[in-house]
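Shown below, as structure tokens, is a lone chain in the form predicted alone; questions about how it binds or moves come after it.
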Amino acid sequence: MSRHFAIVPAAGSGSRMGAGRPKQYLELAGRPLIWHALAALAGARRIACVCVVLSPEDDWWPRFDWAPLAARLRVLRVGGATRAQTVGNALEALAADVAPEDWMLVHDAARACLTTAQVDALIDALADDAVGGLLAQPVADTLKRGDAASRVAQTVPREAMWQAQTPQMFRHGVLRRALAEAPHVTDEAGAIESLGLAPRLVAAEAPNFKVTFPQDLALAELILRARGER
């Protein structure tokens, strides 16, 4: 049977937060931001290992206590200049320990409101899928395409439009090849699409947004506190 591994790229600086430390280490509900994503993934018992991909120069990780999650974590210091490079480097580093048919669940470190139930739902939905897929949210708002002057150039029909989220789940062999051939994509699904394949969209029913701006931290904390999970 195919195994499941999680990959959490965490080699970026999160410059849009304007903080004095990498975004993944900002405090959220008493823990580093990345902790909450790691805890949700570690709670999914079908995931064999949660791989955290750091920059080789990262000196923040040792400053925190990861002991409660340590048995489920593997730290890979192979982060690259882009997300695609970081994930691709992780896939290379894991190549000797996994099979081409094993599933890789790639999740953003800054999506702190992920739940273990969402991870399990994604695994269930894609268990027999030939391609793989990703959590996503149907777009509810009207979409406007802007021009260079920040004026509306076009209203884009929202029917059939989805907002991509993570985890994104694909088999190791195919994802490794896809990222090698399409190194400039912004997510793994885009790399898979470049091979002519169509990833499956799995609806995310709970908040799973990416913390990007300072105000997002407050919203994420409200959600986590309301759940009583952190």
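Everything numeric in this text was worked out from a predicted model, so none of it was measured. The numbering used is simple: start at 1 and walk along the sequence shown.
Beyond what is shown, the protein has a form predicted in complex with a small molecule; the following relates to that form.
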Q: Check whether residue 110 has any heavy atom within 4.5 Å of a heavy atom of the small molecule in the model of the complex, and answer yes or no.
A: yes
Q: Classify residue 89 as contacting or not contacting the small molecule in the model of the complex by the rule of any non-hydrogen atom within 4.5 angstroms, answering yes or no.
A: no
Q: Flag residue 77 as yes or no: does it have a non-hydrogen atom within 4.5 angstroms of any non-hydrogen atom of the small molecule in the model of the complex?
A: no
Q) Should residue 81 be classed as touching the small molecule in the model of the complex when contacts are defined as heavy atoms within 4.5 Å? A) yes
Q.
Counting heavy atoms only and using a 4.5 Å cut-off, do 4, 169 and 176 all touch the small molecule in the model of the complex?
A. no
Q | Residue stretch of 150-158, 116-124, 81-89, 129-137 approaching the small molecule in the model of the complex, non-hydrogen atom distance within 4.5 Å | A | 81-89
